[in-house]
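Listed next as structure tokens is one chain, alone, in the form predicted on its own.
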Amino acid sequence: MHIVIVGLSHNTAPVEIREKLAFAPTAMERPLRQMLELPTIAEGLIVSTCNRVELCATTKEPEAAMVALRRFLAEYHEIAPEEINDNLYDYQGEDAIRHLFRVASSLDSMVLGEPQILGQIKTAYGYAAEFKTAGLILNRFLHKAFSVAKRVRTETGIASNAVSVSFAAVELARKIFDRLDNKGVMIIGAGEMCELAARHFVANGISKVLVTNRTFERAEKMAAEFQGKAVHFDSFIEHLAEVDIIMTSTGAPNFILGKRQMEEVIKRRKNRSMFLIDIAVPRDIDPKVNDIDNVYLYDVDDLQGVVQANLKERKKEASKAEAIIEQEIGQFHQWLGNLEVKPTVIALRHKLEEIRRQELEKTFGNLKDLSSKQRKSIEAMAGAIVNKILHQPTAVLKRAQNDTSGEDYVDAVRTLFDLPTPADDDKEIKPLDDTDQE
């Protein structure tokens, strides 16, 4: 049995193509069942995120299956195949195993090391398990992918450095204050970057959130989301001494906070440290503020420098992650090869044993006067012949199961000896919970 993957991602397709091929996460049953109705597909899984759409399947005919999956992807979304063919990629065998392990480990993500993709793959696997489109092989494959992703996260530093401006701000704040659970933050502006930063600060334990914006209703809405307090924009400076961190992005044409104002604020705070993050362009805070003792001001370029340095560190760790993946590929491929070899060896032995039994019955039927000792000698000789015949093909199959020739030998033996195809193991295997998966 082969594993195949057909799909597209941010690396191969623009967003206008990706969104046309996306599958609704709340309506996965229909496409999964239709995918399994394809004659060449035995098991199926669909991963659909904002950055990628991938169909993963098991099949005995990989080339035909990949063609069928390409066609299915186009027909399901009512798109002409030629519109998307250049955006699609396909993998089979070890390449497919490597690809999913890299995706789960966030080595193929838009942001190297981001953790969201693993959760998205777990969700996709949950649907496949729920609708029983994942069988023995995909269950084992996905569980292995989850454990590989855990190894990458725990044995490398690929996810340890912030690579977004908003999270870099949180990381710097933690370096300045050591802990954030007793600190307060003021968000000046209610745009997307400020909202994301507020989310990161709250997730990291910030105890007090103040929000201000020129439109007070927007400030109230964001403050409510984070169980914070909205303050009027024309009086926000009066509240600055209440917080330890300020993050601002207003789009104002001139500075909204100057050195003299901040000197008054730090005086009211009795020189307790403050961390200011100005990601506005043009800047909201006068750079001279940085000259004040115990005031740490970072602008968007400073944060981008942190992000780039962290990305460089993540890329160094990626090589360690690739080595882990190559090791795990070999282990999974060996299991997959053994899945085919073991039943083939058993089926071959059963076939020859049945021939031995039938021929012994004919022989004994024609030789009525044989003694018990003679019958046992003939049975032993027939058994020895069967074992000698089995020895070489069994040895070759076991040696070949660890490389790509294993599947060819299995197919050859089954064809030469007319062996039945092993029944697919369709027993339901429930997905592991997050603890077990990782």
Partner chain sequence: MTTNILLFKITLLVYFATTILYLVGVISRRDHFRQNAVYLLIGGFILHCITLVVRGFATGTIPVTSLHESLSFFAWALVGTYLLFYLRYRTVMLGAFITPLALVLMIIGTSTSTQAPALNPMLDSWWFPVHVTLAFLGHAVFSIAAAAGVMYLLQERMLKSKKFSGLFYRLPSLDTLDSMNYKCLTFGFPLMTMGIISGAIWANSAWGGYWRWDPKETWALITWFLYAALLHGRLTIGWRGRRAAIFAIIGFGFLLFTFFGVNLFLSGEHSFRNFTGQ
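Numbering follows the first chain given and starts at 1. None of the values given here were measured: they were computed from a predicted structure. Only the largest set of C-alpha atoms that superpose within 1.5 Å between the two forms is called the rigid core.
Missing here is the form predicted in complex with its partner chain; even so, the following discussion is about that form.
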query: Contact label in the predicted complex: Lys183 to its partner chain, heavy atom within 4.5 Å; finding: yes
query: Residue contact check: Phe177 to its partner chain in the predicted complex, 4.5 Å heavy atom; finding: yes
query: Partner contact for Asn271 in the predicted complex: its partner chain, 4.5 angstroms, heavy atom; finding: yes
query: Its partner chain contact in the predicted complex: Leu196, any heavy atom under 4.5 Å; finding: no
query: Per-stretch contact check against its partner chain in the predicted complex, the hit in 102-110, 315-323, 350-358, 184-192 (non-hydrogen atom, 4.5 angstroms); finding: 315-323
query: Residue (of Phe236, Tyr127, Tyr296, Phe146) lying close to its partner chain in the predicted complex, criterion heavy atoms within 4.5 Å; finding: Tyr296
query: Among the candidates Ala309, Ala252, Val300, Ala224, the residue which, in the predicted complex, approaches its partner chain to within 4.5 Å (heavy atoms); finding: Ala309
query: Displaced residue check between the shown form and the other one: Ser273, CA, 2 Å or over, core reference; finding: yes
query: CA of Arg283, rigid core aligned, shift of 2 Å or more between the shown form and the other one; finding: yes
query: Cα displacement of Leu172 between the shown form and the other one reaching 2 Å, rigid core superposed; finding: yes
